[in-house]
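Only one chain is shown below, in structure tokens, and it's the form predicted on its own.
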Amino acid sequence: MNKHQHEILIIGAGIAGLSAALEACYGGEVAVISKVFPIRSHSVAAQGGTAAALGNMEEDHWEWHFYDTVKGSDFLGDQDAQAIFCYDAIKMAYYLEHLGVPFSRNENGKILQRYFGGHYSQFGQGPPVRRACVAADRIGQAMLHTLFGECLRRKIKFYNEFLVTHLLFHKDGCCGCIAWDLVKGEIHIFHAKLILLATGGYARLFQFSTNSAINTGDGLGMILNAGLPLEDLEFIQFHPTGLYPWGFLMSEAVRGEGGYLLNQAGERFMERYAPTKMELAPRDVVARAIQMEIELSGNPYVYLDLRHLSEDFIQERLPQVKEMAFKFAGINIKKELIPVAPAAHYTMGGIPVNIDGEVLADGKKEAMPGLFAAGECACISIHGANRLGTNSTMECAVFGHRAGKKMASLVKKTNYLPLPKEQISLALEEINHLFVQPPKISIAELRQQLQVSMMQNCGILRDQSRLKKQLIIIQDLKEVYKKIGLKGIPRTFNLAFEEVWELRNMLNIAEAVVISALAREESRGAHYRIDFPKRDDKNWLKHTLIWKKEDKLNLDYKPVVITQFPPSERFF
């Protein structure tokens, strides 16, 4: 068996993981484990921009950004963390610029910024403000490649194409993990003082998704199996404009740069749903409006119209959108409408952490020694019930950076805890069981049944009947999963093992999502209950916690942190 020891271990190599690694390396020796080659992490898919109130295009202030983030979250975000985020975003934008991120420039040579939904001036009372820092429409690629290059320059160790299967715990804290080398088909044991999870979200629970295939909630699955809590899993954002029928992201930058939405009758239907903000209303509002138009017309999509924008403007600001529409749908966006529908895009819930990224063992205050989380797999909670566009890449950078800094301050004062032999034996037994059990069922079919049914029963519009039906489907699929086997399949390049393990996590998380959604009898942000269409602050202004004990999922709640902006009704 292969064994490794590192002072600090980062699991995940997206923007959050690499930002953490760059800060953590000032305090100790750092290694990064990634399921893919780092520049293939899902962060590379981010397109439109990263949020910071720089005021390069017109007056802007971090306090306006703070208010928009609070209101955008439908008042479920924790305002102490949201204030830190919006204030630090400005410093982080300049940090990234100095690191070498190739931002687009305005006529004064400053970072170019564009409009995005939910970002306004004058505490939501003024017109939209250009707050999204732009690198054409490839911000994720620009940030990820720059951070990875800097990690290589600082000689941070990488284990690429390793799937982490189990976290290891001593009674005094987290002390290591088990990983599967996807190329060689070997088990590796990692011993560490401090571990950070930056494993991304779980939008691949759904059939129609903008996410890459790797976003299967691996980090959350390990947390759930360890008996630790997860927070606000029911809040899943559907991006309004996924390219129909594949789900590829048509960036919100399209609407920020003047693109319109049209229904099958050629009407700009957002006039009926958000008369003052139109296509620049927050994503939950726009996605729900599109879904309602789809159900009214019976056609599975609406249209995005860019025909009125000039060729030069599109080439300068939206080159990737133009290329994707042509390559994947054969559409010339200067002459034709783009068919779009809401696609599962971002998961607001995750592993509960404090503002320094320390995982909360009880979901509330008590930190789990040695364990951190950042990025989409974590729930701080900045986004509450609905995330504003461009806040995610900046959240990854800001809170990855903060977590890395905290680990750097702790690592020399922390000792290696003994590795738990019994946990390792049980984990190896679990993995080996798969390789001695004959294959009897199709992994792909099982996965598809989960994704299709989640889309039908736990999508944008939910009710008790459909959620209960989905819970039964998931529990049946979990029974079928027990029959999966890999006997006779060589371990080298055994991608079936990866798919089986991902599916295990997906089934467990899907069950937790549905139980959380069934319990929340109100509509807030991305969680819309047809049978409870109103927001209910009296009973539901609180975060959901869910954890597994003796194979049963349990629910608890904790209050939302409100410091400055009391909840009020949202109008757009």
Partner chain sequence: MQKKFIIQRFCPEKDKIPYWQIYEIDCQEDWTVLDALEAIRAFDPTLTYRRVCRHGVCGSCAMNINGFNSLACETRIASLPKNIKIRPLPGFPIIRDLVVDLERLYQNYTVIKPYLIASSPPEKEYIQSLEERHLLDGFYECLLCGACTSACPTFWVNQNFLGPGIFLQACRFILDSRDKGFNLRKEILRKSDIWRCHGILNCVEACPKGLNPFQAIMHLRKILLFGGKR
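These numbers were taken from a predicted model, which means no experiment stands behind them. Residue numbers count along the first chain shown, from 1.
Another form exists, predicted together with the partner chain; not displayed. Remarks below refer to it.
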query	finding
4.5 Å heavy atom contact, Phe248 and the partner chain in the predicted complex	yes
Touches the partner chain in the predicted complex: Glu150 (any heavy atom, 4.5 Å)	yes
Partner contact for Asn108 in the predicted complex: the partner chain, 4.5 angstroms, heavy atom	yes
Interface membership of Asp476, the partner chain in the predicted complex, 4.5 Å heavy atom rule	no
Contact stretch among 221-229, 345-353, 98-106, 364-372 - heavy atom within 4.5 Å of the partner chain in the predicted complex	98-106
Candidate from Ile39, Leu518, Ala31, Leu541 lying within 4.5 Å of the partner chain in the predicted complex - any heavy atom	Ile39
Interface residue in the predicted complex among Gln449, Asn457, Asn494, Gln423, criterion: non-hydrogen atom within 4.5 angstroms of the partner chain	Asn494
Residues within stretch 304-322 having a non-hydrogen atom within 4.5 Å of the partner chain in the predicted complex	Glu316, Gln320
